[in-house]
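The data below hold one chain only, encoded as structure tokens and taken in the form predicted alone.
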Amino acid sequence: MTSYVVRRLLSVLPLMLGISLMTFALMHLAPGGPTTVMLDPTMRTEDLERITRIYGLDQSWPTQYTHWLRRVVTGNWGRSFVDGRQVTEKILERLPNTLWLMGLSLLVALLVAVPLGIISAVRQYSITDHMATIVALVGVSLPSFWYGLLLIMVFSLHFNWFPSHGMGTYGVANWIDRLRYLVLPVGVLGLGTLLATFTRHIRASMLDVIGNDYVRTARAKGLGERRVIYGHALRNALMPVVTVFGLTIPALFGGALIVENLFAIPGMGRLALQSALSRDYNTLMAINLVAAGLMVGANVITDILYVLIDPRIRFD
């Protein structure tokens, strides 16, 4: 297993190189650039040309990419074109908030989807199954921004139960206060499309295995229904769900961009939008690399979960 993980990590290098090259090329093909944001009516042409030379923006984009790649290899991700801060400092400042949001959303979605999907499969065509289907359809159909605005209007503005923006109360540093600020964002990200996706896949997987011979044999041996479902059927039904888990990480990161801007959370998604609007190339490249790293890491974790769920699978 260790050798497989090492091989996977080594295969990531050309993938990350290709992603960075495509991202860099697309950013430079877009109209405008960092200097367009810096334009000021009082700025002289000589000053603008000097700033362009300092940042190396007067060179061709392949040359700029080569210089950027050389700096990244040495651990220097450059400085932001907007405020001059180190890009690594800005990333490390925002990344924990995004990981909190993504992690809690994924946890809440699984905690609700697993029992809901199991009940829907065991009690097929019951009222519970129909209700779960409706919940899944609503979750898939609701746009995140509309769903978020609805939660803000009801639970923040009307009832005043939860904060509508930010990541914590100023001067208060404890996890309970942070969780209060994450209730609505996690409700949008975890109980929307993510919950619907997991619920439908768990239900479909359970229906595939619940009629197999080994499940009937377990019942014939006199095992309790709970042990049959959770000890025999669920473990085999989780294989397709684990695959979906690896595929939902990109969607989860993309959803975090919308949710963070909607609830004014200082995370990677909000930083990505601000950097795109200001043409902050260095920060955008760093965000893309971090996002690609998270997605590749999720796929490696998915492969490891395959072995833990089904010992018959071997990668070595």
Partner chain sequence: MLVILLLITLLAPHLTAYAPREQNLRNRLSPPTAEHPLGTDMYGRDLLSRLLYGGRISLAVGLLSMIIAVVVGTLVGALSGYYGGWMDHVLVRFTEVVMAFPLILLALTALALVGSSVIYLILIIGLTAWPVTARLVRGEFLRLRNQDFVQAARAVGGGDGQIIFRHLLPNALGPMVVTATLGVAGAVLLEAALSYLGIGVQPPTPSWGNILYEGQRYLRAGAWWYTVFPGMTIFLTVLSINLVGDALRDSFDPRQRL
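Since we're looking at a predicted model, the values are computed, not measured. Positions refer to the first chain, counted from 1. Note that the rigid core is defined as the largest set of C-alphas that superpose within 1.5 Å between two forms.
FYI, the form predicted together with the partner chain isn't displayed, but the following is about it.
Checking V73, A220, I127, L137 against the partner chain in the model of the complex, a heavy atom within 4.5 Å turns up for just one residue: L137. The closest heavy atom approach of T302 to the partner chain in the model of the complex falls outside 4.5 Å. Although the partner is absent here, L142 sits close enough that one of its heavy atoms falls within 4.5 Å of the partner chain in the model of the complex. Using a 4.5 Å cutoff between non-hydrogen atoms, I19 counts as a contact of the partner chain in the model of the complex. When contacts are judged by a 4.5 Å heavy atom cut-off, A276 counts as touching the partner chain in the model of the complex. Residues are counted as partner-facing when one of their heavy atoms sits within 4.5 Å of the partner chain in the model of the complex; in 258 to 287 these are I258, N261, L262, A272, L273, A276, L277, R279, Y281, L284, M285, I287, in sequence order. Superposition on the rigid core between the shown form and the other one places the CA atom of T23 2 Å or more away from its counterpart. Relative to the superposed rigid core, the position of the CA of A298 differs between the shown form and the other one by less than 2 Å. Positional change of F263 between the shown form and the other one stays under 2 Å at the C-alpha, relative to the superposed core.
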